[in-house]
Every structure is written in structure tokens, then in C-alpha cells.
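For reference, the chain that follows is the form predicted alone, supplied as C-alpha cells.
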């Protein structure tokens, strides 16, 4: 059996070959699955069943708090018609119209509860937004500037040793009761703790090689903060927010319970607890329903925030 031996390139059949074009970008191709940061965050978050349950609870409570008062038109300063004597008895679970019963004035506790929850949530969210905004901005530059650090560390040492509750009480007494006054009193010094927390995290990251390289190339500080540092602090910021919202709700409830929060003209969970405290033994549902609602809001928001902070940490996305 004879074999055909190819001795020269002239004996090759051109149809056996296919010309390929050079592709300079082919060398940059990475054989790895497509990655999306926020897609990975939400996949990890929704894999946590407890977090999903608490998210449903939190969203339901917040929607009820902001929508239900608009539907009911509840005004806690108005008293029902005194000719209707049946409405002026404290009675739990009276009917579907009064699903949580009525209070000592005959008002629907269900309507009063969501009206108070709306105001308490509004104060907590507003105070958290102010605290986090100021704290993050100041903390970022505080962590970079050694001159600023000398001044700010002394301010922090003074303010951090004064209880937030005491400062809030003094300011509310001085400024008077009201939404703006209470929000200002809660956030006027709270930002310093957030700023110090962010400052520590920035100091950990700022001296990494890529940040030093950016500084050597003359990149402005604010660009280094926005592009190189802030993305690494997303999970830390979410953790801080998840602590602040429940904390400010608790502060509002405590201050209003002591009579130095919102005025009598404004409904709130703290004001309800204060007003219904005398009925703790005779009609305990009046006292415990606002207390339990406060606990549910605080716990659900905290758990959701912590789960989201854990899911947004890039270190948890490694396969």
C-alpha cells in the first residue's frame, strides 16, 4: 500500500486551510461568567428567607403608615360626636370599622396607630438622611485630611461624651415642640458618630496602592473619594442607616413619652404610648398595640438593613 508523501508546500491543497483575521482584543478576553454587582447583591439578599419575610413586614407597615391616614382622614384632635354614647366607651376589637377598638375619646385606635406611625417614620427617616449625608461627607474628607483630623477629633471627643437624648431634650425645651425642632435636635450631634465611623474606614483604604498612584498622578481628592473609596463603603453605609432609622424611632418614642417630643397637636407612636400609659392595667391593648408596632417597625427595618449590608459587601460575592 503506497502512501502519498507531501514534499513541498506546492503539493498542499489550499481548500484545506482557512484564513483568520488578527483580533487585537482577543487577548483581553477573560473566560469567566458575566458578573453584575447589583445582580449579585439582590440574588444574595433574596436567598435569605428571614430577610424576605422582614422586608414584606417592613414594606407593609410603611405603606400602611403613609397611605392609610390619607384614606381615613383621621385627625386625633377631633372628638367623635358626643351624642353617640357607644363611641365613648373603651372597647377592644369593637367591629371591623374599629378593628383595634376605640380609645377613651371614642377614636379608632387603628386610625390613630397609623397616623402616629407615619409621623414617627417621617421623623426617623428625615433625621437619618441628615445624619448620614453630613456624616458621610465630613467623614470622607476627615479621613483624608490630617489638618482636619486634629480639629475634628477634639470636637468628636467632646460631643460623643454627651448623651444624644440629653442634647435632644435640652434643644426641644429651648426651641419648642414640632417636627422641624425635633428633627434638628436628633440630628444636630448624631452626625459626628457617623463621620468618625466613616473616617476610620477611609483611613483603612486610603493608603492602598491604587489610591497612592492616583495621588501621585495628581487626581483631585474628591475624585479619589468618589471613584476609589465610596464604592467600598456601600455595605458600611447601609449598616449605619439600618441602625439609625430604628434608633431615631426609639428616640422619638422616648422623648414623646417624656412629654418633650412632638406637641399635642401631632400624633406619634411616642405620644400614644404616653397618653395610653394610665390604661396599662384597665385597657392594656391601648398601651401595648403602639409598643408592639414600634418594636415590629424597628426590628424589621434593622434586619432588612443588616441583610442588605451583608449582601452588598463585595467580599461575600466571591465564588
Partner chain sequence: MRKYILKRILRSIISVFIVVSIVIAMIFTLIPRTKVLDLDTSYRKMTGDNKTAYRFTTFEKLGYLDFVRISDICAESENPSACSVNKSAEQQAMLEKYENDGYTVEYFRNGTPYAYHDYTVFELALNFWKNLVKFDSVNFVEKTYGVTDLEKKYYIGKDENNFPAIMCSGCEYKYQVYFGHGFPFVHQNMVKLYFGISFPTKSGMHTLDVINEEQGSQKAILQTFPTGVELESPLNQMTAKYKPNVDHLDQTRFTDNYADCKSYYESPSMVETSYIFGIISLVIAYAIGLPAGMGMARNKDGIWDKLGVAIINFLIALPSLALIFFVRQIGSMVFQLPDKFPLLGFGNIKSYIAPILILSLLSLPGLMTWTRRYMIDQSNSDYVKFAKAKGLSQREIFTKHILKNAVIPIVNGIPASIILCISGALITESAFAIPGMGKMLPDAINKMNNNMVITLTFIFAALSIFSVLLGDLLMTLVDPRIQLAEKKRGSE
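Positions refer to the first chain, counted from 1. This is a predicted model, so every value here is computed, not measured.
Note that the form predicted together with the partner chain isn't included here; everything after this is about it.
message: Only one of 171-179, 211-219, 122-130, 227-235 has heavy atoms within 4.5 Å of the partner chain in the predicted bound form; I'd like to know which.
response: It is 171-179 that comes within 4.5 Å of the partner.
field: Non-hydrogen atom within 4.5 Å of the partner chain in the predicted bound form for each of 36, 137 and 205
entry: Zero of three within 4.5 Å in the predicted bound form.
- prompt: Just one of 51, 41, 254, 283 has a heavy atom within 4.5 angstroms of the partner chain in the predicted bound form, so which one?
  reply: When the partner chain is considered in the predicted bound form, the option within 4.5 Å is 254.
- request: Evaluate residue 166 for contact with the partner chain in the predicted bound form, applying a 4.5 angstroms cut-off between non-hydrogen atoms, and reply yes or no.
  value: Contact check for residue 166: yes, within 4.5 Å of the partner chain in the predicted bound form.
task: Give a yes or no for residue 262: in the predicted bound form, does one of its heavy atoms lie within 4.5 Å of a heavy atom belonging to the partner chain?
output: Answer no; every heavy atom of residue 262 is more than 4.5 Å from the partner chain in the predicted bound form.
- prompt: Does the partner chain come within 4.5 Å of any heavy atom of residue 292 in the predicted bound form?
  reply: Yes.
is_contact(residue 68, the partner chain) in the predicted bound form, heavy atom dist at most 4.5 Å: No, residue 68 stays farther than 4.5 Å from the partner chain in the predicted bound form.
- request: Give, in sequence order, every residue of 103-137 that has a heavy atom within 4.5 Å of the partner chain in the predicted bound form, or say none if there are no such residues.
  value: Nothing in this stretch is in contact.
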